[in-house]
Ligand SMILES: Cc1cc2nc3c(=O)[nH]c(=O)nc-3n(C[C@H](O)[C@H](O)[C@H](O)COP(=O)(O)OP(=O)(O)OC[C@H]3O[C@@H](n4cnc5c(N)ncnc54)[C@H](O)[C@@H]3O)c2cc1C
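To begin, one chain is listed below as structure tokens, in the form predicted alone.
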Amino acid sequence: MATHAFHYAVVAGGSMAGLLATRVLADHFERVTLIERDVLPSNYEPRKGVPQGRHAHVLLVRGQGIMESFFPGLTEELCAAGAVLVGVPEFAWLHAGHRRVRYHSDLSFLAMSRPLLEISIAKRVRALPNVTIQDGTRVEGLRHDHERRITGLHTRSVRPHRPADEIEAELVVDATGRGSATPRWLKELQFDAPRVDQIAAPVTYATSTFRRVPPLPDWCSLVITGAPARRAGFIFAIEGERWLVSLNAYFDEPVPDSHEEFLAYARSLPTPELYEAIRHSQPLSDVVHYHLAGSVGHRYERLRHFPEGLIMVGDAVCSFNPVYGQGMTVSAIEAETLHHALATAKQKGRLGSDFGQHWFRSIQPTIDVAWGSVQVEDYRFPELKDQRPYRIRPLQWYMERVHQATYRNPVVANQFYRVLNFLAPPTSLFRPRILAEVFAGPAR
């Protein structure tokens, strides 16, 4: 029988970050309650509280590995449900009009819909004996004592004529996402709110699903991007013998509304392959949209004072441009970090008044890696030229050459994919072997 170091924790928000945090907390607390405003579905349908759930998602290799460690057999379960395991030879990426080299590799990722992954994990979390999922409930504020320590949450059911409630907890985890109310609640408690950093590269998704029909291409997934490109496209083979297709538009680029416009938009991309894959396919859904104003980061790690008993995870800390597919993997790395932080606290016998401040400093290196990659690419847009930090320019110059090398050189492409998947640090792209390959001529 497991021995838990702490008594009671509560997680606000049933996002992917919230579900993973709940899984970790269940190893360290006697009881864990997950509060979610939505009524969580039991079928594989997108839910209202995850507006991006209908669109293309990428679970990077590091994120998949962490989730597998938390939920043994998850990968096998997802594949049995129809998720497609895509290796490098089955993955095509056209970047700035050039195709990245395809080669044999041990790297692979799962292509699937967001609801398939989310509901599979939610089922596993719901089955944990010391976890209670209280859905259909909204968080109305932080419960605190006279010393401003956070002691739980004020909640209320979204169902009519239900009384307000209070949940007591030693640790509150805010996983309510981009719209987190914590900065406002900090001010109400007379703490400073964090500084907010933004990269204002607005992007709109237009997405539809299609039946996969022969003749099928020689890839399972295709990504079409630029450096920069105001239009981009993603097509993934997913469960149900379907294509999930997301077309992206930056800034004021118009997005398609009808299927006719959707096909015309696909045809306008630099390669006809995406268009050819769906032109004769039956649409299985309407064209749906999702808009994001850009990347937003809250610098909690810079606060000198922070209330005891509270931490944030996922988009509540930093929300990235979804085009780069980093969000779920960053949340998974944060969950892994939370496990180590709680294990250390267990050795001390207490969470400690500075647990929150240590927490934000411990996750910041991962956030910095993801944020840095967004900066390098999004600041290429001429609309953001005046906002581009001077230190970014040499990195952009070098990464242009890395991109060019990935069109021809498997060694550079492999290292690029490993960095992209959080399997290697960005500094590994500056190792002598990679530098030599980047600045060499075409590989023999």
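Quick caveat: nothing in here was measured; it's all calculated off a predicted structure. Residue numbers run from 1 along the displayed sequence.
One more form of this protein exists, namely the form predicted in complex with the ligand; it is left out here, but the text below deals with it.
Does the 4.5 Å heavy atom contact test between Leu171 and the ligand in the predicted bound form come out positive?
Leu171 lies outside the contact set for the ligand.
Even though the ligand is not shown here, does Ile235 get within 4.5 Å of it in the predicted bound form, heavy atoms only?
No - in the predicted bound form, heavy atoms of Ile235 and the ligand never come within 4.5 Å of each other.
Taking the ligand as it sits in the predicted bound form, is Ala9 in contact with it (heavy atom to heavy atom, 4.5 Å or less)?
Because no heavy atom of Ala9 falls inside 4.5 Å of the ligand in the predicted bound form, the answer is no.
In the predicted bound form, Ala175 touching the ligand (heavy atom, 4.5 Å)
Flag for Ala175 set to yes.
Go through 285-293, 68-76, 119-127, 216-224 and give me the stretch that gets within 4.5 Å of the ligand in the predicted bound form, heavy atoms only.
Within 4.5 Å of the partner lies stretch 285-293.
So which of Pro194, Gly325, Gly356, Gly297 reaches within 4.5 angstroms of the ligand in the predicted bound form, heavy atom to heavy atom?
Result of the distance check: Gly325.
Exactly one residue in Glu273, Asp315, Glu308, Glu336 has a non-hydrogen atom within 4.5 Å of the ligand in the predicted bound form; which is it?
Selected residue: Asp315.
Using a 4.5 Å heavy atom cutoff, which residues in 121-159 contact the ligand in the predicted bound form? It's fine if the answer is none.
Residues within 4.5 Å: Thr137, Arg138, Val139.
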